Each structure stands twice: as structure tokens, then as C-alpha cells.
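Shown below, as C-alpha cells, is a lone chain in the form predicted on its own; questions about how it binds or moves come after it.
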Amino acid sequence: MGLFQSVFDASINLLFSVNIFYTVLGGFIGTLAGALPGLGPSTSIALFIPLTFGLNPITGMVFLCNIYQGCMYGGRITSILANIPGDAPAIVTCFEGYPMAQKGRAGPAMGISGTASFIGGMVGLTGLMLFAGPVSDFAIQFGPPEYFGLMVFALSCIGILSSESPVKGVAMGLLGLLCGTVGHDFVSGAIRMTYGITGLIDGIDLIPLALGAFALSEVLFILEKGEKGAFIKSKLTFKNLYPSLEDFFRSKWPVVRGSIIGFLIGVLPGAGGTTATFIAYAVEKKVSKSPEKFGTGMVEGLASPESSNNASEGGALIPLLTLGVPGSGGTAILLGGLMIWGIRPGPMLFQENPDFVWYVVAGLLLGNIALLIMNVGLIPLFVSLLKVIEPYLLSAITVLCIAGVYACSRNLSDVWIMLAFGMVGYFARKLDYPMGPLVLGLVLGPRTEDSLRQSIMMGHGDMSIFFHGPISATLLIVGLGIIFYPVFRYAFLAARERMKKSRP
């Protein structure tokens, strides 16, 4: 009871002070930044850290944390309305959100995603309050073998992400893994598969690949078909702007599952919201009674990743505050802010400076409420704006993608990479190859390779190191079971069929 009383008291103090202004301002800035391709939470927080130098640590941290939180909300806006993922975790939102917009259900998609984001955020922050100590103790047990098991489990979702043909999904996943090997080798420092192109030395970044594969390929696809009015097909009435009760009912359990997955994955340093959203989407498709409809605008496939994305934020703050280990790129920048203010995160932070922790949590709770009001209340504005700019939307998408990629890295090579994957995505769409496995392979490939090689070096070449710990062994067995299940099932059915034919 003392914990909740501390958070409640901090919330009241924040509500009636200048901190509430910075709470709302941070959420608003984060929403706008999240909607712009290429920015994301890491860049956005870094841009605004200098503005916090004159603020006290509580105000500054609340401001930056709400920019981080707002980015999680904002990424979904362009994902749904224009098939442009604002940041990496919003890539999965494109899978179902954009098809809903194409059916004239942009408003309901925005409402469901906003509500799911709010619930996921509240679950993540509640988990932060209740389980910071025990969960950090669990997360610290994750070494390279455990991370390799987690990556294998996540990669096993590639077949699930493939709507019709698992073979096509695996092929795109392998292409993503291949792209992940380009550039510097993390362990040896060797430069691989650059073919003399200096722009590839740092590897293929996720943002140009995602914007090319999703946004530019969509532009080319629409231009080829010569469609007009491809985005908004219904009248802007109240009924068409907000989700129905059926939408909320269908998204109830997906939000619960996504929030739990997001929180647990977010706790693991380096796993991040992107991994959480892919796993949440794959799980939702696996448990669905109509998996073949995924990719056509399923509410369940939109709600689960959105809740997972925001729940991972609360989880990522646990290793940051309790261990001083950032759980994502955004929290790594927040760690820098803490150092600037002279606050040392770690196991003693909750004992030495508990007021700071509870004020930050209270600021995130109030910011989450403000973001729900902004993101759901402004649905008519977003959809109306899309309808107004629709004649210029394809040009705007192209310009935003090029500007966003270049602004993110200041590297013209990334623009060329984006254009190349725009063509890859275009032909993949024409041949019905799914793009999700490509992105998943690029995200998880380098992490899988690094964890594998670090584990082998730890075990001095002994591969049994992956089965020494219960966590890594369980994750590996489950992941490999999912991968080879179709093969075993096919062999079993074939053997049973042969036995039936051999009987007299």
C-alpha cells in the first residue's frame, strides 16, 4: 500500500506544478517525432536533452521519458494512414493497420491502436512499480546462451508471419539474415560483404530497409494500378471514425497477451520493442481461429503489437533504474541524461533516491493518460488531414522517406539502400512474398550471430553450453520445436498414409 501511496502523492504533486506542462509537452513532441520517418525515440530524446540542462532532474527526466513514451504512440499514425512506419516497433502496425485504412477504417484502427497503447503502457508501468526488483534479478541471468535461445525462439516466428506460403516466408527471412551479415563483424571486427562500397561498412540499417520495403513499394504499387482514393474510402462520420464495441471486444485478449509479452521482452537488455511486437503478432496469429485473414486488416493483429510496444517501455526502464543497464536505444539516451544530472542508476537508487523514481513513474502515468486523450481525441483531425492531402500523398510519402532516412544517418548511401529495397518490396508484393520475415531476419540476425559466437567462446567450443541453463535450454527446445514441427507433422502424416495403403 505504501508503494501506491507514494506514486499517488507524486502524481498529485506533479499535477499541480509546472511538471504537468512538461509532461504534456513531452508527450506531444514525442507523438510528432514518432510519426516522422527515421526519427524514433533515440534521436528525439537526444535532440531535446540540451533543453533540460536548466531544469531540475525530476522535471527533466519526466519530460524526456514522455518524449520516449510519445514516440511509441506516434509511430502508429503514419503506419496506419500511409504504410510508413514512423519507427522500428511500428513496422508490425503496418501489417493490419494500413489494410484497415484502405478499407475505410482508418479511424477505428487509430482508436484501437491508441487504446491498446494506453493499456499496454499502464501494464508496463504497473509492472515497473510491482516487479522492478524480482524482474531485474531474472533479467540479469540472461547471458549469451540465453539470448541465443531467445533469438532462435523469435526467428521461429518467421513461418507464422507468412500468410499463405511458409516457404516464401522462410526465403524472405533468410534474405533478411543475409542482409544482417553485411558490414562490420561485431566479434572480430572484419568487414564482410560490402563489395568495396564504403556506405555498407556500418551494415544495412533497419530504417532505410523498412521504409523502402513498406512505404516506397506501396507508392510504386499504387502508381502501377493507377488507383485514386486508395486510402480513404468512407465518409467521415462519427461511426466511421471510432471503433465499435465489437472491435473492442475482439481486441480484449490480444491486448492482454501483447501487454504481457511486451513487458517481459522489454525487461531484457537489447531485446527492444521491435522484437516484442513481432513475437506478439506471431502469437496472435498462432492462436487465431482465422490466421488466413491476417494481413487483410484484422483488429487482433493490430491491438496486440501496439499494446506490446508500449508495455515494453515500462519493462525497459527496469534494467535502467535497477541495474544501470539500458534495455533499448531510447533508454540508453535516458541513461546519459541521468548521468548529466548526477544520478547514478543501480540497485541502491530505490533506497537512496526513492522520490525521484516515484516522480518519474507518476509522470509517465499522467503522460500516458494525456497521450490517450490526444491520440484518440484527435482522430478526426488526423483522418480529415489525410483526406485533404490525399492527392499529394504519394509525393509526400516519397519526400518524407528520403528526408527521414538522410536526417537519421546523414549518409546518402542509406537513401540508395532505401530505394533498392523499395524495388525489392515492389516485386515481393507482386509475387506474394511477405515483407515481415525480411525485417525480422534483419533485426534478429546480427543479435543471433553475436550471441552464438559469444556463447561458443564462453564454452571453449563446447556446444552443450546452450543446455547448461534451464532458460536457454527451454527457449531453444521450444524454438526448434516450432521450426521443425511442420517437418515432423508431414513425415508423420505420410507414414500414416503409407501404413493405411499397406493394410490388406
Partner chain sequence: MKKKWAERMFSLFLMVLAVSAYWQTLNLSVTESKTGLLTGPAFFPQWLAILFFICCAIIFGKTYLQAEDVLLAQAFPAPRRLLKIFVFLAMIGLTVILTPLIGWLGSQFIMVLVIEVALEKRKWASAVGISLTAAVVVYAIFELGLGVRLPRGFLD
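Numbering follows the first chain given and starts at 1. Rigid core here is just the name for the largest C-alpha set that superposes within 1.5 Å across the two forms. Values in this document were obtained by computation on a predicted structure and should not be read as measured data.
Here the subject shifts to the form predicted in complex with its partner chain, a form of this protein not shown in this document.
Partner contacts here mean any heavy atom within 4.5 Å of its partner chain in the model of the complex, and among 45-53, 468-476, 64-72, 27-35 they occur only in 45-53. Interface membership of residue 432, defined by any non-hydrogen atom within 4.5 Å of its partner chain in the model of the complex, is confirmed. Of the heavy atoms in residue 492, none are within 4.5 Å of its partner chain in the model of the complex.
With a 4.5 Å cutoff on heavy atoms, residue 185 counts as touching its partner chain in the model of the complex. Proximity of residue 289 to its partner chain in the model of the complex: non-hydrogen atoms within 4.5 Å are absent; the residue sits far from the partner. Residue 426 is the only one of 356, 426, 131, 248 with a heavy atom lying within 4.5 Å of its partner chain in the model of the complex.
A single residue from the set 404, 319, 254, 127 has any heavy atom within 4.5 angstroms of its partner chain in the model of the complex; that residue is 404. Across the proposed site, 81, 261 and 293 without exception lack any heavy atom within 4.5 Å of its partner chain in the model of the complex. Taking its partner chain as positioned in the model of the complex, the residues of 167-191 that bring a heavy atom within 4.5 Å of it are, in sequence order, 167, 168, 170, 171, 172, 174, 175, 177, 178, 181, 185, 188, 190, 191. Once the cores line up, the CA of residue 355 ends up less than 2 angstroms apart between the shown form and the other one.
Once both forms are fitted on their rigid core, the CA atom of residue 118 lies less than 2 Å apart between the shown form and the other one. Core-superposed comparison between the shown form and the other one: the CA of residue 296 stays below a 2 Å shift. In the model of the complex, the Cα positions of residue 431 and residue 75 lie at least 3 Å nearer to each other than in the form displayed.
The pair residue 95 and residue 176 separates in the model of the complex: their C-alpha atoms are at least 3 Å more distant from each other than in the form depicted.
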